[in-house]
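Below you'll find only one chain, the form predicted alone, shown as structure tokens.
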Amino acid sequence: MQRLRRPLLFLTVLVIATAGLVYELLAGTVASYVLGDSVRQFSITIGAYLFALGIGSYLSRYVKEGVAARFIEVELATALAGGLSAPLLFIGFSQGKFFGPLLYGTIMVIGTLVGLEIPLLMRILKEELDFEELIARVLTVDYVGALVGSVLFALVLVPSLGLNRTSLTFGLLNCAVGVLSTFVLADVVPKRALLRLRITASAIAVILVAGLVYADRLTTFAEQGLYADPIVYSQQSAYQRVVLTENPHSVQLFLNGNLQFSSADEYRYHEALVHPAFARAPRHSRVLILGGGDGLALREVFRYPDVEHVTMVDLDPAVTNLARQIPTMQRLNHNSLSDPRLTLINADAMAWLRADGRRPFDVVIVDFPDPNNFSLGKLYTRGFYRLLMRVIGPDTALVVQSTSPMYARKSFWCIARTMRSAGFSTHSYHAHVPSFGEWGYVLAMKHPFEPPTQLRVDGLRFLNDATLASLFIFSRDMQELPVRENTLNDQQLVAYYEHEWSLWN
């Protein structure tokens, strides 16, 4: 063991750095999931965590004796605090109004503990390496661990384990390092302390293993408090948290905690989204849908017998698989994702549009989630709408869902102005969807046009010709007002959206 002491201690540095970065990312992800605005949450989380690292490093100076034992104690404390961090944050948000203090308290505790670990470990290693070599090796391994943690978190851990299991797994990893350290450092830790540390590690391991065994129940319990109705399906994809809830009267889909539709009234939203564009377009042979992975807009598209081919580009296969495979969703979308006329592409819409050689479509439907963060805001920028020009023909009708002209008036008109700045001629319109209130859309073509007045399909539940014409009439409190356009450089739309909806939440 003594011969392996140095490499094992450097392995400990690697684990400490990897786990610390994972705990930081977990806190930011949970915060963005339950509070929204991922840029703000990650920015504050990273700043608070780095500050806590500094506090831990400073406090290490007060450890004068028993450095090895103190190091193992800190490692085990990190295992417990970090391992339980995600479950506690979820439960804290769902059960009370003190999520903010709990979030930043958790970050500060974990950051302080991780900040203590490296200085203490360096003091243990100083007897074996020259100062220059010690600093170079420890910092190199530390930075490599941060890289490993960040890559694993995004590509492997969250998609395969989910947030709670990732948290608990890395808690166990920290605990294992603590146990290993009791053997590697056995010659510098009193025997009585070794026994105490190993018993403590065993107790922590039991707690974390129990958490893993009951992780699904724990996740459901923590998450259920966020929703009014029972959860019938949930999944953490590589991109977002997908949750389906159900009550005796309706089914609801949530992405990252944000309502996407309620089956009680989604037909009003999707009829208003699809049919004005089809009423305006002279042909419907080739249709493009960007977003809309739930298949509900697609259901409306397939009402038209002259539709020959539909291309759908939706980022998240978890959503399209849900829509295609879950019986409840199949009933709602009339099994539209299994129609042979559909070509489904799981890809980023902006990256897909950048590809060359695409023939124009007759109708284009843009059904993205609201621009509540910069990742979504880029899909409402002038640059994105200029990319859309590549798939727009002279008579193509394009429609974009555009949030609420009532609750987010500047956001709504910002989208319309941005589309005009990209070269589109537009007419904005709105419909009342009880789950959301007044909801807005922008209809656009390459050339000036008149709003449609006559539907080209029968049997709708919400729209008729009279209702269609009324959609384009705005009351005074929803009429256009001066706004800035949305560019990739400043994402003004996200700022509008965040401010306006915060007044209503």
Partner chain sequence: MASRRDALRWIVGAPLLARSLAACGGATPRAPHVQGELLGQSLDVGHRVRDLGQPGGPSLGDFRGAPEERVKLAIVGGGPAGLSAAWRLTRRGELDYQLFELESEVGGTSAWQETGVAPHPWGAHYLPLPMKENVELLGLLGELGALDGVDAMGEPMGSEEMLIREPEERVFYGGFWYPGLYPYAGASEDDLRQLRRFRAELDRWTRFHDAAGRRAFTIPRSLASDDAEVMALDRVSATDWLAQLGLNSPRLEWLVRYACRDDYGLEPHETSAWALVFYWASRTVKPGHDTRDLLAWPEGNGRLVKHLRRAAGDRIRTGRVVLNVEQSEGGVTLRMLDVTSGRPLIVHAERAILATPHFVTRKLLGLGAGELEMGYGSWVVANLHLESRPVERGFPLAWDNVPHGSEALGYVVATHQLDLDRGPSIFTWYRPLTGRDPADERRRMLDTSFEEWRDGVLTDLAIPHPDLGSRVRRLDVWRWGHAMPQPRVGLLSSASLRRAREARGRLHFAHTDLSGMALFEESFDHGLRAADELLAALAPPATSASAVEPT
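Positions refer to the first chain, counted from 1. For clarity, every value in this text was computed on a predicted model and none was experimentally measured.
The next section is about a form of this same protein that is not shown, the form predicted together with its partner chain.
Peer 1: Which one, 305-313, 346-354, 127-135, 144-152, holds residues whose non-hydrogen atoms are within 4.5 Å of its partner chain in the model of the complex?
Peer 2: After filtering at 4.5 Å, what remains is 346-354.
Peer 1: May I ask you to choose, among 358, 386, 249, 341, the residue with a heavy atom within 4.5 Å of its partner chain in the model of the complex?
Peer 2: Flagged contact: 386.
Peer 1: Find the only residue in 417, 382, 283, 123 having a heavy atom within 4.5 Å of its partner chain in the model of the complex.
Peer 2: Exactly one residue meets the criterion: 382.
Peer 1: So, in the model of the complex, is residue 368 in contact with its partner chain at a 4.5 angstroms heavy atom limit?
Peer 2: Result no; residue 368 lies far from its partner chain in the model of the complex.
Peer 1: Can you check whether residue 374 is within 4.5 Å of its partner chain in the model of the complex, heavy atom basis?
Peer 2: Answer yes; at least one heavy atom of residue 374 falls within 4.5 Å of its partner chain in the model of the complex.
Peer 1: So, residue 378 and its partner chain: in the model of the complex, are they within 4.5 Å at any heavy atom pair?
Peer 2: Judged by the heavy-atom cut-off of 4.5 Å, residue 378 is in contact with its partner chain in the model of the complex.
Peer 1: Is there any non-hydrogen atom of residue 488 lying within 4.5 Å of its partner chain in the model of the complex?
Peer 2: Although its partner chain is absent here, residue 488 would touch it in the model of the complex, with heavy atoms inside 4.5 Å.
Peer 1: For the stretch 231-249, return the residues whose heavy atoms include at least one within 4.5 Å of its partner chain in the model of the complex, in the order they occur.
Peer 2: Contacts from 231-249: just 239.
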